[in-house]
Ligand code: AKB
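In C-alpha cells, one chain follows: the form predicted on its own.
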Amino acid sequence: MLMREKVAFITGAAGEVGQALIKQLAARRKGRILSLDLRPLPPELDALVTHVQGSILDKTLLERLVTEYEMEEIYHLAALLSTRAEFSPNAAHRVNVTGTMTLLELAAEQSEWRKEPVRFMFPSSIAAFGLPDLRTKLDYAHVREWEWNTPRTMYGCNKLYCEMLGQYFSNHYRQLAAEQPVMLDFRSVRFPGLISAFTVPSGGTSDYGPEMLHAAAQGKPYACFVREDVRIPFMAMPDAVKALLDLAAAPRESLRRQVYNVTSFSLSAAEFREYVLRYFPEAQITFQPDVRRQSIVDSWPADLDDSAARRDWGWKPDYDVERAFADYLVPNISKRYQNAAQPA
C-alpha cells in the first residue's frame, strides 16, 4: 500500500481562527500540519505548517493533496463571512456549501481508504439561529442547539445546512450500499461572536465589538453599526481554539451530539463600549445603526446554552469578560498599534 504522510489539514488557515489554531495545534501535535488558503500565511507561521495557496473549490488541487498526504484530522475553517455573504449569496453558497461538500466527500473517501474515521471539525456559528422578533429574543435568553434553527442570513443558512451535511456523511452516507463504509467523524461547535487580539476583524456581523477595541487602540473614532441595547454572546479567540481542540480530543463514545454550542460571556453593545472606555478613556464611540446589519444581530440569541458541551466533554472557557479584556485583548491590541506607530 502506498504510504502517505499523515497530516492535520486546516482550510481557511490565514483567517482569524486559522492563525490561532495553527499555533495551538502545532504545540499539541507531533506530526505535520498542512494548511490551505487563498492568501499566504504570516511569515512567523511558516515554520509550523506546510502551506498551500489555493481555493477550497479547486478539486484538482485537493485531489493532488490526497495523493501526497493522509488526512487524519480536518479543520474546515474556510468560509465567506456573514456580511459579505449577504452581498454575494451565490459566491457564499459556492464557498460555504460546495466547498464543504467537496471536503466531506474527500474525508469520506479517506475514511474508507484508511479503514479509520477521519475526524472532521467544523466551526459553525450563532448565525445558524434566527429568532423572529425582539420579544422572542428576550423570552429565550439561553438558546439550545435545536431551538430557533431558522436563520435569516445566507451565511446562517449555509452553516446550518453544512452541519446537516456533516451529520449525514458521519451517520448515513451510502446507507443503501451492500457493505457499510467506514464513516467519517464529524464534530461541530457553534461559536458566538469571536474577538481576536492578533488579527483585524474581517467582515463578520458580530465584529462591532472587536472593531470598537481596534479603533480605540489606534485613537480613531468609531461609529458602531448596531443599537446600544443589542446583546449577543462573545468569546476570546484562545477559547475558540480551545473549544475546537478539546472537542477534537474528546472520546467519541462520550459525545451525545455532533453539534455543540459554546460560549463565554454576553454583553450589550453599550456594555462592550463601557469596557473599552475603562481601558481607553479617550475613545470616541458612537452608535449609528445600520438597519440591515441590525436586523441580523437582532435575530441572534442574547446568549447560548452550552450545558451539553460542559456535560459531554468538559467544556469551560478560560476567559470570562474581565480576564478577556484585562489579560488578553487590551494588552495585545495596545502592543500591536504601539509597535506600528514606532518609526522603522
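None of the values given here were measured: they were computed from a predicted structure. We number the residues from 1 along the sequence you see.
A second form of this protein, the form predicted together with the ligand, is not displayed here; the remarks below concern that form.
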Residues in which of 89-97, 164-172, 123-131, 137-145 have heavy atoms within 4.5 Å of the ligand in the predicted bound form?
123-131
Single option in 158, 205, 264, 261 placed near the ligand in the predicted bound form, where near means a heavy atom within 4.5 Å
205
Students should find that, of 230, 235, 81, 183, the residue having a non-hydrogen atom no more than 4.5 angstroms from the ligand in the predicted bound form is 81
Near the ligand in the predicted bound form, with a heavy atom at 4.5 Å or closer, the residues from 275-306 are 300
